[in-house]
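We begin with a single chain expressed as structure tokens, specifically the form predicted alone.
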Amino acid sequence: MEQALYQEKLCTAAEIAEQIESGSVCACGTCLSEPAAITAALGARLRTLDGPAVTHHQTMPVYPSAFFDEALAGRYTAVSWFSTGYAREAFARGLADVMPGYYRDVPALYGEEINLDVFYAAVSPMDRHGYFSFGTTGAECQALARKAKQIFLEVNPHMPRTFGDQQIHLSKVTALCENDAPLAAAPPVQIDPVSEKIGALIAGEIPDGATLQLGIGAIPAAVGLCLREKRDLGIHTELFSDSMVELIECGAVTNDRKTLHRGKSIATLAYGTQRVYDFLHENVGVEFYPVNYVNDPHVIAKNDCFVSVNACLEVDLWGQVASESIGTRHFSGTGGQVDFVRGARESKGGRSFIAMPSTAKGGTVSRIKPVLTAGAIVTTSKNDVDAVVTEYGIARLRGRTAKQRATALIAIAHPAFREELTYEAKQMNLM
């Protein structure tokens, strides 16, 4: 029965694009959820149509999609909820908009604030019971599927079949197409000496049995590398990446001492090299859940000894953290940083680390500043920060006065900038 219905709903990406009307509000899930063949076909169709623009909402786009095409300006409007290079460039050129917000709030905003016409997504092949898996993305997919008027799926044999709250049945689908295309993959992370030092400092603070949230990039990878000798670590993370595969395969992560979802690694999305996707396929040891659950600080705090590691762009002497803009220049988004900082703080024995190299632009600019660069967006407030880490040490800010914070932050700044920072701190009555 399922196979007959599958064939009945099967069409081409171009035929799906024909069913999406001008003026529609569309959305896909985070990152690899984007159905690249459908969005490309929709872009091609809109080149020939006049009428209200189609709006496309997405978090963390990783494909060079049609909605960043200057030729479609006015016909196809992109809204980025967390920007990568494609969306960042499009926003800078006036071709895209940005949606501020906590990542955990994304599912609720659809339906409450955004009336959604179309949900489209890349999925794994259907199983014998008629279910598709959202694969590398839990996040907002189930919420979008519940709230959209039309659901279009792009079946990709390269999408891993994953478990948790990850399935959608064929009966819910308006139409589907097939696209045999490799998933976008992150390049292997190259760990530089600065990241290696930072990783070692943070790893030294993580005890056996801790539950971890790590992001993607050189610093989280370095932390993971330094944790290989730990025992009975657990994973409850926004992003499942290569460093976590490494920790599971070497035996450092067992999830045996977790106080929530014992025995399972929990995530809301995955992105990394092909190694990550191969590892996740039909792996019952990893479960994906919606972001309003995984990133809920109250849920995070149910994991005892929770350790959160996040990156940032700069920190001021009060401890304000800017992670999403360089001055007025848009860079990324709020994401889940605040969620995990707060969840770790409420966890029994929990710790939260904000990490960054001490300098930028080849050592000519300090990332620790008297005040944030003019126009910089504060992502994590001074009241939430636990500890800040550079290659020069760990500044513990929680429970410290303003003057104690300034002193601790200057001590982990690059030596070339400490005298200047001290002078500015005195001018601000912080020393």
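It should be emphasised that the depicted structure is a prediction, and the values quoted were computed from it without experimental measurement. One-based numbering along the sequence shown.
One more form of this protein exists, namely the form predicted together with a small molecule; it is left out here, but the text below deals with it.
- At a distance threshold of 4.5 angstroms between non-hydrogen atoms, E314 is in contact with the small molecule in the model of the complex.
- Taking non-hydrogen atoms only, G251 never approaches the small molecule to within 4.5 angstroms in the model of the complex.
- Using a 4.5 angstroms threshold between heavy atoms, T211 stays clear of the small molecule in the model of the complex.
- Using a 4.5 angstroms limit between non-hydrogen atoms, G349 is distant from the small molecule in the model of the complex.
- With the partner omitted here, the residue from L72, I168, A218, A90 that has a non-hydrogen atom within 4.5 angstroms of the small molecule in the model of the complex is A218.
- Among L260, A200, A360, A186, the residue placing a heavy atom within 4.5 Å of the small molecule in the model of the complex is A360.
- Between 276-284, 117-125, 236-244, 133-141, the stretch whose residues reach within 4.5 angstroms of the small molecule in the model of the complex through a non-hydrogen atom is 236-244.
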